[in-house]
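Provided below as structure tokens are two forms of one protein chain, presented individually as structure 1 and structure 2.
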Structure 1
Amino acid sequence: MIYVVGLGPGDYEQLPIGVLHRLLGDLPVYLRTDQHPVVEQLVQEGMQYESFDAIYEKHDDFLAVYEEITNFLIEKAEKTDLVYATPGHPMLAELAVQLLLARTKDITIVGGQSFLDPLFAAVKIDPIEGFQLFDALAFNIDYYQPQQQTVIAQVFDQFVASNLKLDLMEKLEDETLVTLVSAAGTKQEWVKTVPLYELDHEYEGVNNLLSVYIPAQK
């Protein structure tokens, strides 16, 4: 059995108890990445792990990375039960989990907290009013509806932000206010509202935990 858990947005206090038990249990633990703030404390509490960070260096595209991770986990799981841990929640924007689900029924999604809850708190919105979630790396402006609250994830760097800005300018005024949210829900949370034309400017909070929120346009 592959037990799939999420490490949450970044703080140890946000780990659900069931996830914690899996991470500190007897089964081997594999982390998609150990570049996550909770790992240090988990190690202090006795967690032993292997991470897949080195696999990212070997490949030029993400699909090849996640296929290698999936192959490794499926092969290992034939010999022993194991735990696979992703950042956030494992069912949100985790391609290796989708590949695993397509290939095996021997898998249990245990849980975790995604970045969305703390992001909603950071920008103080209720998604029940209507909400869209996009991947900046696969953004298609045709599907973007300005009348809905929108979150765009995977805004990794200025290059991605720049392409996103140009796409959004097809449907929004240059002065439309957008909010950059980095590390929501953690002690490093960083929130900055800027006009759309400044979306790709250089900011200290831009890193691999950055999402962009666009309010509903009336």
Structure 2
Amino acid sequence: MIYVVGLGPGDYEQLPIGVLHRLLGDLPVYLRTDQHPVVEQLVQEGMQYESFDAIYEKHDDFLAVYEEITNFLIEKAEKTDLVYATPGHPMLAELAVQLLLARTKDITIVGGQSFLDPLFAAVKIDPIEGFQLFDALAFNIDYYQPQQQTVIAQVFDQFVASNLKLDLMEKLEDETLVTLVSAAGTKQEWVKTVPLYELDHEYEGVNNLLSVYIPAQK
């Protein structure tokens, strides 16, 4: 059995009890990435783990990364139960989890807290008005509707931010204000509003927990 858990937005205190029990239990733990704020505290609490960070360096595209992670987990789960942990919530913008669900029935989604609730609080918006959610790694400008408020997650680095900026400039003015939100809801929360043409500039605080919020355009 593969138990899939989410590491949440970033703070140790935000982890649900059920997720903590899995991460600190006796089963082997595999992290999609250990570049997450809660990992250090979890290690202090006794968690032992292996991460898949090295796989990202082997491939030129993310689909190949997630295919390898999926194949590895399924093969390992044939021999022993295990825990697979993702940032945020495992059902939100996690392609490897979707691949696992499609390929095996021996999987249980334990849960986790997504980044969306604290992000809405950080940018002070009410999602009841409607919003679009995109993955920066698979962003398609054809589906973007500027008249709706928009959240784009997984803006991992300047390279991803640069590609995203160029795509958005097809529909938005260069001076359009966008808001960068990193580690929303945690002690490391970082929020900065910049013109679109500066989206890929180097900012202190940018990391793999970065999302971009774009207000609805009139």
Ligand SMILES: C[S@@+](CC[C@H](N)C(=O)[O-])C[C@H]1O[C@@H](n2cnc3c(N)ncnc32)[C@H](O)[C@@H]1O
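Take the two forms, superpose them, and find the largest set of C-alpha atoms that agree within 1.5 Å; that set is the rigid core. Residues are numbered by position in structure 1's sequence, first residue being 1. Just so we're clear, the structure is a prediction, and the values are computed from it rather than from any experiment.
Structure 1 is taken from the form predicted together with this ligand, while structure 2 is not. Treating the chain as two rigid parts that move between the two structures, Q145 and V110 fall in separate parts. 14 degrees is the angle through which the smaller rigid part turns against the larger between the two structures, based on C-alpha superpositions. The rigid core superposition between the two structures gives a CA shift for F156 of 3.7 Å.
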